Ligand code: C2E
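The chain below stands alone and is given in structure tokens; this is the form predicted on its own.
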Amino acid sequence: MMNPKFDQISCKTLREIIQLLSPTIDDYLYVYDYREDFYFISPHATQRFLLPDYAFHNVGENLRRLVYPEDYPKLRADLDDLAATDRCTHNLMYRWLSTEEKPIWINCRGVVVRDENGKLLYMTGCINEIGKVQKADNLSGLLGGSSLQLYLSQFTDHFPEGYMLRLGLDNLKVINARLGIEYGDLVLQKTSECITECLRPGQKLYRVVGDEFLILDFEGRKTEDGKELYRCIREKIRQFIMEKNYEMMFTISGGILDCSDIDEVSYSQVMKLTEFALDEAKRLGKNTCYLYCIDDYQKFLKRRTLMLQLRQAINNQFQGFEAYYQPLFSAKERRLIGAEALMRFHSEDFGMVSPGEFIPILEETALIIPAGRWIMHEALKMCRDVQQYIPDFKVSINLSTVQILKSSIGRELLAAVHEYGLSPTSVTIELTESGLLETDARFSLLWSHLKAAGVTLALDDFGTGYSNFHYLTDLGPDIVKIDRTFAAKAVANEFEFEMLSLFSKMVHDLNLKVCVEGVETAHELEKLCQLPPEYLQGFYLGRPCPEEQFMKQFIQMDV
């Protein structure tokens, strides 16, 4: 039981002490008066937590609203045990709700004061956030992110003239995995020392997160000085690695932000923009420095917005997506024999988005798997409808590397073909040769399975990129599609045309067929038909269009 002399201290006195000390500490002092059912806490706690006020009655009900629901039974059990026993200490880790109603981990400690009969008088103690970012880092000897935030908070209208340099180690995870976390800590410590040795008067250095550091220069220096500072730091690190006889290899990347480019004077904006600059340096190959450019950042924001909209569209029954079809003609008869299904996306913010923009995002996020499945079903339904008029009509479907590596696309395709009552021979799958480089073994297995079922394979965009001719023999595709760029050069230059003619002959000697893409004029059509190809595709013959327009423009004329 608590020493009886403490029951002589009134709760009013404790409240006055808390109010006096509150401005000097970051944690939260409190007193809980059991007799009055009254709670008093450091006033600044109301800025952080979902409290009704810093002083309130009806403690039980208000705590129920304040405590994270999953943790309330644990708190209630501890408080009930205090009341039922003579225990005089309270020490519990649980979560309170922030003003944004997000759970925040706290450690609530207190001492209970009882009267001479053991009846509860009050509990007083301290609450601290156990998940809160530390103000300083003992490993690097630097101030941390919360100290940076506090320092920046003094600026309201604009930051002083100068720049910020955010630095990040490139290979720390590899060092931790190979040499251990202790060695990784040594690398961080030495990196901090290397950076510090390069600093100039007035510059401030913080360790903001993990293996990243931020230098503030509010001394009016220019970004060119920032680049020179980065080169100095990189050289210091290189010397450190040499002194360690190359036991480990790591590099450092840097992102520079001119203070005049910061449109919102806040800690969060500084962290966002410097993080973007550092990420760009890493994306450009690491061990380099990138200077923040607002145009690049706007493109990044657009890409991020598109990513969100694409995900929402897929979750909303593919609203915004549309299947377009580009006609495919036989070169000899100039007869419509098929169409290539092409994915299109309309954004509420950006209008019709180029496939060159949204397809890479779909692939990067693996959203190409559900999106690819959707357009596959759209294309097969369209093929079924057209075959009522053109029985031998075929549809071409583009496959992504991601679909091959991360989904059961072969099985799904054949199941869908059966679902729509089509023959596998009605389907052509297209894959770019650059994609083949990454999926060689997996694609060979997929292709052998589909080929046995009767599906046709076309190598798309041949003549660009890597041009690995061994695919023509190793995979045995049915069709080789000549890229528009390759074909346009052949029309404009006789030497290029002879080269294309020789290539076309080689393809035909292998018993493969040629499709020329990108035919845009009558002259190109006449010239390219001399190769000769089996199939033709291009704007001169027909632009990609929605299914309804395709049916009106190309099918009715063939009925």
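Numbering starts at 1 and follows the sequence shown. These figures come from a predicted structure and were not determined experimentally.
Heads up, the form predicted together with the ligand isn't pictured, but that's what we're talking about next.
Scanning 484, 95, 394, 114 against the ligand in the predicted complex with a 4.5 Å heavy atom cut-off leaves one residue, 484. Checked against the ligand in the predicted complex, the residues 428, 326, 149, 407 give one hit for a heavy atom within 4.5 Å, which is 326. When contacts are defined as a non-hydrogen atom within 4.5 Å, none of 164, 255 and 305 contacts the ligand in the predicted complex.
At the 4.5 Å threshold, heavy atoms of residue 220 stay clear of the ligand in the predicted complex, well away from it. Shown alone here, residue 202 lies farther than 4.5 Å from the ligand in the predicted complex, counting heavy atoms only. Mapping the unseen interface onto this chain, residue 413 falls outside it, with no heavy atom inside 4.5 Å of the ligand in the predicted complex. For residue 519, a non-hydrogen atom is located within 4.5 Å of the ligand in the predicted complex, even though that partner is not displayed. Residues placing heavy atoms within 4.5 Å of the ligand in the predicted complex fall in a single listed stretch, namely 510-518, out of 486-494, 52-60, 26-34, 510-518. Shown here without the ligand, the chain has 398, 399, 400, 403 in 398-420 lying with a heavy atom within 4.5 Å of that partner in the predicted complex.
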